[in-house]
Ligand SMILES: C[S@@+](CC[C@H](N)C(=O)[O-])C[C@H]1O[C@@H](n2cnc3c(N)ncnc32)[C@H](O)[C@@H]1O
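First, one chain by itself: the form predicted alone, in structure tokens.
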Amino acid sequence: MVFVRHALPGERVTALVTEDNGGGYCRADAVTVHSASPDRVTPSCPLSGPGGCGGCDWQHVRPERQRAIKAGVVEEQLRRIAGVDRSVVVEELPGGVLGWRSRVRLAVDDAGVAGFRAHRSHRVVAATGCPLSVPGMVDGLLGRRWRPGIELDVTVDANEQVHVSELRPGRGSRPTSRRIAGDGVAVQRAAGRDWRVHPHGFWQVHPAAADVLAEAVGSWTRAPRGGTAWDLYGGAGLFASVLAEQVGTGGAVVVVESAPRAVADGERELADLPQVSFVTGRVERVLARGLGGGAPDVVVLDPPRKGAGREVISQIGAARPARVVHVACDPAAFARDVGLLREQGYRLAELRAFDAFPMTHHVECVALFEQADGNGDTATTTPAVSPEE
């Protein structure tokens, strides 16, 4: 099997193999298109093609077709990995397909030139701009000389303040950081609140994504007044703020997050919500110790790209919440978690998908799971398997 980048279904191309590790597949680039798809368009950036910047997979694809392909990927992964047949529509976020990226990491080559990494490579591709980035955010950073070998974290916040930090290789795997621009606090807006968070901590890259996801999650959690909710992989507590309004001051929302910096931001920003508490640690370890405070009525989880996995899903299943709301950014890992939740006696009740990363292959999913009844959706046909299988 050959995975061909920069091609479209139905096209006839000349492909150059770029990676072959001797397994069941290899990777290639479409270097010449002999018969083009009607969905092919001229890329907005000249660096997006073969051998260029690795940040944009699909600038050559009509935006409507991008969303249709992503929907097909989610459907195929659910069917293949979880044994679930589900029709998916990928929803467009406000703002269009360009100028949305509010977070960028620039790399600096051995000559001190800043640019972007090539696809699956450490090679730096020099650039003069980025049409996906929020206009102006990388101006003044590209085209000047930097210390060779560093990286630059660049974030623009809701107040259009640009924050830049220099990352230098450190001992072990942790680089050292030095602030170059900005005051060290980024203002973000979502869920009816202003958030003052670390500029380069976790926050959604698309300016509209945090608010859209918070609304989607809140519409399905329906945490009861006075009830208990868990927000796993909760970051600074975006979803916890929504859950707190639902349970009220007589309820409890417990946020589990492994990044101390995000926990510190969340405890400060949600200090007006005494029903919210934070626990610092890896989710599987925290759940193994026990959260206390009674069983949850609803669980929200927003794991990293690799998904939650069997251990965490089993721990959630043992707690028997009435509803589970899962936020996911990788279709294969999400489909595996769907299958695992089905094994725990939950059915996939609702699903929405969002194009939170236009011009790339990435897609964000939000799903509601409810306890299956006597006619419920249980994993009896296709066992959950690893996304790599």
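A residue's number is simply how far along the shown sequence it sits, counting from 1. Being a predicted model, the structure only gives us computed values, none of them experimental.
Just so you know, the form predicted together with this ligand exists too; it's not on screen, but the next bit is about it.
When you look in the predicted bound form, the only residue of Glu267, Glu76, Glu92, Glu284 with a non-hydrogen atom within 4.5 Å of this ligand is Glu284. Here is the short version: of Ala82, Leu243, Leu238, Ile313, the single residue with a heavy atom within 4.5 Å of this ligand in the predicted bound form is Leu238. Listed stretches are 141-149, 313-321, 227-235, 174-182; the contact stretch with this ligand in the predicted bound form is 227-235, by a heavy atom cutoff of 4.5 Å. Phe202 belongs to the set of residues with a heavy atom inside 4.5 Å of this ligand in the predicted bound form. Contact check for Gly293: no non-hydrogen atom falls within 4.5 Å of this ligand in the predicted bound form. Using a 4.5 Å cutoff between non-hydrogen atoms, Pro135 does not count as a contact of this ligand in the predicted bound form. Of the heavy atoms in Ala259, some are within 4.5 Å of this ligand in the predicted bound form.
Residues of 300-332 lying near this ligand in the predicted bound form, listed in sequence order, are Asp302, Pro303, Pro304, the criterion being any heavy atom within 4.5 Å.
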